[in-house]
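Below you will find one chain, with nothing else, as structure tokens; this is the form predicted alone, and questions on how it binds or moves follow later.
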């Protein structure tokens, strides 16, 4: 699919200008006087936004599943992320999660499609997802050498093949990792033993910085590090116990210099990966005054709970500025995963509430219908969000579908498997919650398979509740 939305902004940093000059200089003039551009040289001249003017790779395996569903043809041509969620996925392992195509197969198919961009999810850290169980990985907490030697290094080798030099390879690096070292470690009340272990052994920092440095050294790659979402790290506070926003940006900044990683190895960051947070709330502002008090300063409004943001656009824009303040380049861009954050359908409010009670006002006005922003597993009532598009807002490179719609977040009950995936109670529709979601119901769908496996029922619900609605 070609992303051709008109650009609303242009960052004219020196590196971007140099890249543009390099791209122009790569053009050769034929004897007939016509200019021809070498696609390899063009791809290797780093651009400000890899999605601009680009045809983005459509994963044929996901596309076939989507097209086989009633109504799925409407979105089967959308580009989605290719998830490398275990070592065997690099070569292709014929699993329900990743299918039979390996990384090289996807890259070959991208070349055959004439794609300019392919999106790869790097997702196999040791002790992966330390605050959850549904998406735990194959590598134990201390297996950093295996991660580097058996996972990252082979990916780098394949991506560096000259056969793929004409592709812009977007790497989304290690979702649900580094923010855990801020929010889910001691002395926070939300701490888990696994996250304490990963902070103590340093393998998240080691692994992410190694991946960014090795992949970022290639001439046609674009690394975007995962940065959580506004309902996870949207709190900025002078008290370190409550500051997720500034502390997370500082943690990302501390990666610079580790394993030779530089700011130039990071093209940007991505928020809301595989999550459900709305882009914005059209009917209320987070600091709106209701009954004489700003909403985000009212202790009775549990949905907001003192958060500085109520949507991903404002959060991503502000977090980008904080990342720059912590050492990243001024021209970094943001991505937002909009695959499941539309919240359309019959339960979507048509306007603001008329209630003068602040909590009731928010609950009746908000389009995000989750019980709580910490709910992340197979949320009932969710819908497809904005379709992938380039330059939707200033500082945001693209809306993307990194999480392929229809693929589960985790099983509703324990399912024995050989994929290293456990059972997380947040995926149980009967679970009444824990401290990390404010002791609210999980809001999860029932009858769901292992993470990454296909759910026809969930896919149909996402279609039905899409916003903007499907034509």
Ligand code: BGC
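Quantities reported herein were computed from a predicted structural model and do not represent experimental measurements. Numbering follows the first chain given and starts at 1.
Form predicted in complex with the named molecule: not shown, discussed below.
Residues of just one listed stretch (51 to 59, 422 to 430, 435 to 443, 404 to 412) have heavy atoms within 4.5 Å of the named molecule in the model of the complex: 404 to 412.
Residue-level contacts in the model of the complex: of 204, 319, 123, 222, one residue has a heavy atom within 4.5 Å of the named molecule, and it is 123. Exactly one listed residue, out of 399, 245, 83, 269, brings a non-hydrogen atom to within 4.5 Å of the named molecule in the model of the complex: 83. The named molecule is not shown here, and in the model of the complex it never comes within 4.5 Å of any heavy atom of residue 230.
In the model of the complex, the named molecule stays beyond 4.5 Å of every heavy atom belonging to residue 370. None of the heavy atoms of residue 275 is located within 4.5 Å of the named molecule in the model of the complex. The shortest heavy atom separation between residue 135 and the named molecule in the model of the complex is within 4.5 Å. With contact defined as any non-hydrogen atom lying within 4.5 angstroms of the named molecule in the model of the complex, the contacting residues in 415 to 454 are 421, 451, 452, given in sequence order.
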